[in-house]
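In the form predicted alone, a lone chain appears below as structure tokens.
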Amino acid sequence: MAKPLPKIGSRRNGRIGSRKNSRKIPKGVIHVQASFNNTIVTVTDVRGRVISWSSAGTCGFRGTRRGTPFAAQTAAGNAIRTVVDQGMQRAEVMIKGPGLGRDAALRAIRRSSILLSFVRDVTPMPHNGCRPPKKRRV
């Protein structure tokens, strides 16, 4: 007995076209989160949906090398390369955190072909919130 032919475009065949590449994003927001141990770069559209992301850890840096400026520069370049292929031309940059990768990531973003409308520092600052830990006695 012959096997029935599967229907074209059925769920069993899997996805026909990739949704990621079909979207054209002219404008977006680049979030840089720079801690002392790692730098995470996330590219979103204007509504906040993530398009691309990269971090120093995913770029292959391990241990203390993740917090270096070169690792942040590499992570920013990886995240931006994918969105430039999708057609992004303009972006806003939000930088958060005290890490070494802040300036290096911003330098890598400026070197790309994306026009920056503004750069904003969104590091959370306490208005005398929690009590700090006691001083160390060595």
Partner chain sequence: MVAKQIQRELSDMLLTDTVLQYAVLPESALGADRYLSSLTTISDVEVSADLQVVKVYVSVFGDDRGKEVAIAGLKSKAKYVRSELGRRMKLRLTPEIRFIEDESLERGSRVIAILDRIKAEKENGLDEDDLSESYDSPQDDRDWEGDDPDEDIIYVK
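As the structure is a prediction and not an experimental result, all values here were calculated from the model. If you superpose the two forms and keep the largest set of C-alpha atoms that fall within 1.5 Å, you have the rigid core. Positions refer to the first chain, counted from 1.
Separately, the form predicted together with its partner chain exists; it is not shown, and the next lines address it.
- Of the heavy atoms in residue 73, some are within 4.5 Å of its partner chain in the predicted complex.
- In the predicted complex, its partner chain stays beyond 4.5 Å of every heavy atom belonging to residue 90.
- Proximity of residue 100 to its partner chain in the predicted complex: non-hydrogen atoms within 4.5 Å are present.
- Although the partner is absent from this view, residue 110 contacts its partner chain in the predicted complex, with a non-hydrogen atom inside 4.5 angstroms.
- Counting a residue when any of its non-hydrogen atoms is within 4.5 Å of its partner chain in the predicted complex, the hits in 100 to 125 run 100, 102, 103, 106, 107, 110, 111, 116, 118, 119, 120, 121, 123, 125.
- Relative to the superposed rigid core, the position of the CA of residue 115 differs between the shown form and the other one by less than 2 Å.
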